[in-house]
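Next up: a single chain in structure tokens, the form predicted on its own.
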Amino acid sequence: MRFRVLAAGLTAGFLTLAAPAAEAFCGFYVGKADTSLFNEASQVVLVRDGERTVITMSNDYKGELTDFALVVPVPVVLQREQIHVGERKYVERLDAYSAPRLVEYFDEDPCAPPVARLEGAMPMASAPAGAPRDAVRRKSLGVTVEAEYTIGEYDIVLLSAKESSGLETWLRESGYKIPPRAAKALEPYIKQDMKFFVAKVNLKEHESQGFNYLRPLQMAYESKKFMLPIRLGMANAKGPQDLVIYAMTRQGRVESSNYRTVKIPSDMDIPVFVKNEFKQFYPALFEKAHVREEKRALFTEYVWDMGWCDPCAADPLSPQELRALGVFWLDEGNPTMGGGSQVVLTRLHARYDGEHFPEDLVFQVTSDRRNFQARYVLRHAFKGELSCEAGKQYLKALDKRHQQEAETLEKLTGWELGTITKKMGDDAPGKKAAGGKSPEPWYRRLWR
């Protein structure tokens, strides 16, 4: 039997070079680095405008549902109407829309005549089954039950506490299987006078809903604090945890105010064989970047005005889908072309542990609306006849390009250069160029 204390919807198993701005392009997306590439990566959607915040917590809990519970520090006591059970498909849509990805181009025939190009282009509130009713005992532990709800398949309790040891004792006596040393993790939030959102699965309601997974929990509240409590999620973590945050505002990009936020390396040409090894490529790239930043940074993987895309990696979310994720300021009567409306999406990826991320994540909204996406370019060589002078020049440049692609991949991932060139096959530097002849062996020119 096992239990996870989750902070801000993040499972305890979770826990993500300056790059030029993305430009318009006409390639084809051929692969994406969604969260499935990372073990037990947690996902959180943050919607922020002024002091209003909506959080969607996507739970990836695996195990007996009787062992599941979610403990989230929150700044205020939430009313029943401030809590909602959402749909996982909307979080998956955000993931697909913003995931780092491959794009491929195909070289044109350098011997073809030039062609003119066009420019531009039903609520019921009740207490959790079996919850203790001993008010005297709660008072002795310094714990106050502020509110109790049953919402969908979840039994939810809102607590306040005077001491972390008392809260830990109350949780244990109430049937929550919390990890050792939970009091130490709870203490900082009690000192900040934060409340605790505690949810567990109502098995009867879950069975009646007919779902074979846990749907996301959503909370809407007002607070000057724009933060995500991650320390509690480390209470029983076995190692570094991955977290992907989808932050939506109407002002601009979101960044951390207490940790460095850097862009993931992007817009680089890499060998075409990576098309079949993207699931190995991006985790290796992320780990290399993570180490290079001394394991103390958040990485920006995507920033985009959701009213348009160039091109679309996935269909933009409709106003209805965005509203389901908590975007509350949309004017559905006047949506912009492409689906989105007044929404800037920032995708942040963090890999953290207690040593390198000793504080909770604190965020700030910027006015920066410049677009950015993590994309990696595959350029296929032209395979036809190249007998013209332009074709000969193209072949000379092609070998140099392949050499650069191999070195770039080595730098991004740490893979061995010899292994990379071997996998490149006929595209490898020094091999027969597409449409041309094998280069003359070096020794034939030695004593000519």
Partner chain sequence: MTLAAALPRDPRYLQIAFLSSFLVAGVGWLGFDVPVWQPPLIILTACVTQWAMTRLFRAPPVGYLSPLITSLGLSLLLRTDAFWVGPFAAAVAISSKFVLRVRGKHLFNPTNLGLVVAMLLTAHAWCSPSQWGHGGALLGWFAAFGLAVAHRSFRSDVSLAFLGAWVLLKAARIFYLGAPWASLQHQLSAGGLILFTFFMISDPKTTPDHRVGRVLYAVSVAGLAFFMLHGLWWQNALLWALCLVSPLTPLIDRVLPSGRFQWPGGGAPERNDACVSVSSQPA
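Positions refer to the first chain, counted from 1. These numbers were taken from a predicted model, which means no experiment stands behind them.
There is also a form predicted in complex with the partner chain; it is not shown, and the following applies to it.
In the predicted complex, at least one heavy atom of residue 188 sits within 4.5 Å of the partner chain. Proximity of residue 329 to the partner chain in the predicted complex falls outside the 4.5 Å heavy atom cutoff.
For the chain shown alone, residue 296 is a contact residue for the partner chain in the predicted complex, at least one non-hydrogen atom being within 4.5 angstroms. Taking the partner from elsewhere, residue 366 is found to have a heavy atom lying within 4.5 Å of the partner chain in the predicted complex. Only one of 80, 184, 275, 288 lies close to the partner chain in the predicted complex, with a heavy atom inside 4.5 Å, and it is 184. For the candidate set 320, 208, 140, 258, a heavy atom within 4.5 Å of the partner chain in the predicted complex is found for exactly one residue, namely 258.
Across the proposed site, 89, 144 and 198 without exception lack any heavy atom within 4.5 Å of the partner chain in the predicted complex. Residues placing heavy atoms within 4.5 Å of the partner chain in the predicted complex fall in a single listed stretch, namely 288 to 296, out of 374 to 382, 100 to 108, 148 to 156, 288 to 296. Shown here without the partner chain, the chain has 224, 225, 226, 227, 231 in 194 to 232 lying with a heavy atom within 4.5 Å of that partner in the predicted complex.
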